[in-house]
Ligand code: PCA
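Take a look at this single chain, the form predicted alone, given in structure tokens.
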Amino acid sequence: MLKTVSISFAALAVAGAAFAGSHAQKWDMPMAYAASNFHSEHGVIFADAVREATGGAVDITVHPGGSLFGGADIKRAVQTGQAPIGERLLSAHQNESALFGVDSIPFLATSYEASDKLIKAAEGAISEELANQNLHLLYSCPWPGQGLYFKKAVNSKADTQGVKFRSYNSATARLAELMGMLPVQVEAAELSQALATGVAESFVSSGSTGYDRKVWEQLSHFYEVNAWMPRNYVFVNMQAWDSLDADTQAAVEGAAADTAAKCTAKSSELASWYLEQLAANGMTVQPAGDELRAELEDIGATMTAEWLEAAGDAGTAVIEAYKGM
């Protein structure tokens, strides 16, 4: 939960009728993932909660699956006011600020409890960075732990040389390089086609992405490594946010806090179920072997050091705060 709201969400819902007399704000909300994905489903839950809490003063329409803007374009669209609100995997923009990639540091926060602590340690710095980019942060929600997908058995880096690897941020591209693979930038909405055409042969993601995209049609193995738990973030264009009065802002914040908790709970609930579905559809689902795991942990140490160097004092402060919790 990214904001502590002094007034309860239930109280805001009761008070929502007070906003109904004002001119309604109609907001389009682009999201990158399929309508059936739990992130998109919770975008709809959030929109419904905002509508109720504000008595219709803010009416959000969710556009999943990259149908309004592609995943790579959502953040810029919200920054520039082309869309008033949107959701994005923020680590995909780590090239803009290393802080945006804090949730993709390998083996730093590998459980839901740890992920919650990490975002609490980082939320202030991330919110400030987003504000500098004309964005107001509302909430975030973690994906289940990331694992490795392949079309063959993989026991060590010796088996991954030259494999075409779908990347979705700079961390995944760097992981590919350190494993001797060839990174190819592919958004989630384009993943099925990339796998079917051989543009990509492997990737790292949660069981959710594998299930949503039915990757068992092209791939055969999923290795549980629980490398990190990246987050999707929902943010609002600053001018759109500032156009709301204080009571309406509080109502939206309340809905955001409530949705963040529900979305995180659903992510945790689905984590094992997704892997069961991969196995049920014929994939081999298993932990990484000792040799591969040891190599990945060495890679994780390298990437952590690189991230700390890039993030500077701000990044060091976040990690120290997290480790002190």
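What you are looking at is a predicted structure, and each value in this text was computed from that prediction instead of being measured. Note that residue numbering begins at 1 and tracks the sequence as displayed.
The next section is about a form of this same protein that is not shown, the form predicted in complex with this ligand.
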| query | finding |
| --- | --- |
| Partner contact for residue 205 in the predicted complex: this ligand, 4.5 angstroms, heavy atom | yes |
| In the predicted complex, residue 188 touching this ligand (heavy atom, 4.5 Å) | yes |
| Residue 230, heavy atom within 4.5 angstroms of this ligand in the predicted complex | yes |
| Partner proximity in the predicted complex: residue 89 to this ligand, non-hydrogen atom cutoff 4.5 Å | yes |
| Segment assignment from 138-146, 107-115, 219-227, 120-128: heavy atom within 4.5 Å of this ligand in the predicted complex | 138-146 |
| Output flag, 33, 168 and 209 jointly within 4.5 Å of this ligand in the predicted complex, heavy atom basis | yes |
